[in-house]
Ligand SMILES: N[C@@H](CCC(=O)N[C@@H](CS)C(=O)NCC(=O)O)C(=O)O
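First, one chain by itself in structure tokens, the form predicted alone.
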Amino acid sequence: MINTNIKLIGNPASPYTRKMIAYLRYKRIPYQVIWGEASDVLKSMKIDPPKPILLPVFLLPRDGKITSVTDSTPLIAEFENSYPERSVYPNDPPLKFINYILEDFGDEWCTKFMFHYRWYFSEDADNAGTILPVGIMNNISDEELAFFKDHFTKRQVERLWVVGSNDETASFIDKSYKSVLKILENHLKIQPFLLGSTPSSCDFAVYGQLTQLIGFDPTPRRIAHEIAPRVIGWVNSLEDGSGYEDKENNLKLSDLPQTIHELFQEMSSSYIPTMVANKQAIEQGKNEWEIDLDNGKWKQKSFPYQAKCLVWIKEEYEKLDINEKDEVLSFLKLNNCETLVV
């Protein structure tokens, strides 16, 4: 793919940047990270930006030139083909599919926790509004910081709708975050990673969001310290997994502990029904939708990208053979998650 270090533009407060850097470290793939505002960096390098500009932005060769590329899940798939050593995909095809779902859960549901806590509560918004601008340009004056803080905070608070954060869903998000933390805390008593003794790509997705929830934003950090000390330790250690021993993930879907079933049961009341409802809304041309869930009502503006995510999940499912599909469907039905694929 590339003979020199992989280059990417990122920000320490970006969960997807943290996801990909931790992945590259675990894989022992040489990389260079440019900390800064992606649009400014790309303009200075005379490289066209991706649409939309989402962090991290990778600078990779395409058709004889350097092109800006984003979206972490397909990038990991590309890197896995080019750098097969220390694979983050389970060998068992049904388990690999479960890993794909969990990676999407980290990217698309856990990010709701992160964005909600960061911008819904005044303490957290004040913290983020102050730290994020100086993370990009730390030598700005106090007056400039005040300007950027006000401008950036207002813009992000106005975008809470993207993840479905509002007064009606705030309590639901809080319950789901605490539930996921408790499940992960119990799971880490059994095994060191989500799907066995080595990290899978889903570990890095969940890790990326948790770097912010337990390390940057005050409210979710307090919650995590109260109920999930093992999760905190797990996040800290996964930041640089280059020293982890390389072991093949030979677990089967049937080997998964009860805690993963509990995680999917939690997903069946949050991530999965909202993904399905969002896709239906997109197909029906609705700009907004709502759904009654076990722990409350969810109301959100339609989000086209997450509709695509559900399509990609079903495409991954179709890659399985008949017996593998039956095994996966049995697992999903057992945990009330079959609407992901049927």
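Position 1 is the first residue in the sequence shown; the rest follow in order. Computed from a predicted structure; not experimentally measured.
Here the subject shifts to the form predicted together with this ligand, a form of this protein not shown in this document.
Under a 4.5 angstroms non-hydrogen atom cutoff, this ligand in the model of the complex lacks residue 35 among its neighbouring residues. The shortest heavy atom separation between residue 71 and this ligand in the model of the complex is within 4.5 Å.
Although the partner is absent here, residue 331 lies well away from this ligand in the model of the complex, with no heavy atom inside 4.5 Å.
Residue 252 falls outside the set of residues with a heavy atom inside 4.5 Å of this ligand in the model of the complex. A single residue from the set 313, 54, 293, 282 has any heavy atom within 4.5 angstroms of this ligand in the model of the complex; that residue is 54. The partner is absent here, but in the model of the complex a heavy atom of 155, alone among 247, 189, 225, 155, sits within 4.5 Å of this ligand. Only one listed stretch (40-48, 54-62, 23-31, 284-292) carries heavy atoms within 4.5 Å of this ligand in the model of the complex, and that stretch is 54-62. If you take 76-114 and check each residue for a heavy atom within 4.5 Å of this ligand in the model of the complex, you get 107, 108, in sequence order.
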